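To begin, one chain is listed below as structure tokens, in the form predicted on its own.
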């Protein structure tokens, strides 16, 4: 099959590498990045928001179907555009992608479906939000930008002063182009991620994963797009996993269909196990990042066939996953991320080619046989072993060997699985 993957990050690199496990597949990535080429991926210089150019490429090159990685093109309607051109695309429509594009839309869906989540209120007016924070709120409290914010629009405010500052940034300064905020109760517990392939009323869960969003060790500092991930999650039992499937994914998929939304693509549920049970932190409309980088390497079935069957609405009898050991992934990021990041030399392309670990590239560019940082999250290295300590030992040994400047990585990814 010929397959186009839309996106340019480590998640898209992981999707492409999974598709390439079938040697008969030809995989393109648009726009991709210079690092992906080291993994044998064909990159195409078309940006993810150039829907017409992408569709033209698909038609001219007789692509069988397209997979969309990032949330922005989904929320902006790439699936609708492709369908108007009668092109197969794996990803939800613009309406369906609101589960990620609008926190308030998703909160209402969860209420209709009877899915447990944090108590919340919505605000579009700064003064009203300020009054609430001064008179009714209990701290710590969670403040979320209603729209897309690349994983950075969620704040846990420890006190009133911090909360007032964050709300002002969002509703007065319109950070992330925010016009509405959701303020909700702070939930305590163990966080984990559950993704599923979805075909209208049918869904197929993936193994649980756990990502690490805070920039520093011991989960300190501001949120990032994700500093690493582990799959499966040792401290979440099979019983809890099954409960999450039955009480979150199943009713959510059913509610979408009941409300006339025929969802095709990936649903990602960010969950937390509290003292009062499982609650939803967020839903996303695509593969998680960095979870995908540790989940897909465990897939033993053919990803390209799974997606093809879903696009033709054929029931999948079985999806096989690796049952032994675990996969661990650690992101190398630019110093200063997620704020003002410093650029740096990441080493020669041969250094990466000779690395024994799987590398998923994100914000990198090539200059004279060397890779240079080109953003915040640069690349993720991933490996599989029987124990967490074995994974950590080999990953950190290889990262420490790299001669790079202005990079940073957490040294405790997977700590919750000890």
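Everything quoted here is computed from the prediction, not taken from an experiment. Positions refer to the first chain, counted from 1.
Another form exists, predicted in complex with ligand AMP; not displayed. Remarks below refer to it.
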Going by heavy atom distances of 4.5 angstroms or less, which of 199, 184, 241, 302 would be at the interface with ligand AMP in the predicted complex? 184
By the heavy atom within 4.5 Å rule, which residue out of 154, 109, 87, 253 makes contact with ligand AMP in the predicted complex? 154
Does the trio 20, 64 and 308 actually contact ligand AMP in the predicted complex, every residue with a heavy atom within 4.5 Å? no
Given 125-133, 154-162, 91-99, 340-348, the stretch touching ligand AMP in the predicted complex at heavy atoms within 4.5 Å is 154-162
Closest heavy atom of residue 281 to ligand AMP in the predicted complex, within 4.5 Å or not? yes
Using a 4.5 Å heavy atom cut-off, state whether residue 180 contacts ligand AMP in the predicted complex. no
Give a yes/no on whether residue 146 approaches ligand AMP to within 4.5 Å in the predicted complex, heavy atoms considered. no
I'd like to check something about residue 213: if you look in the predicted complex, is any of its heavy atoms closer than or equal to 4.5 Å to a heavy atom of ligand AMP? yes
Within 4.5 Å of ligand AMP in the predicted complex: residues from 108-139 (heavy atom criterion): 118
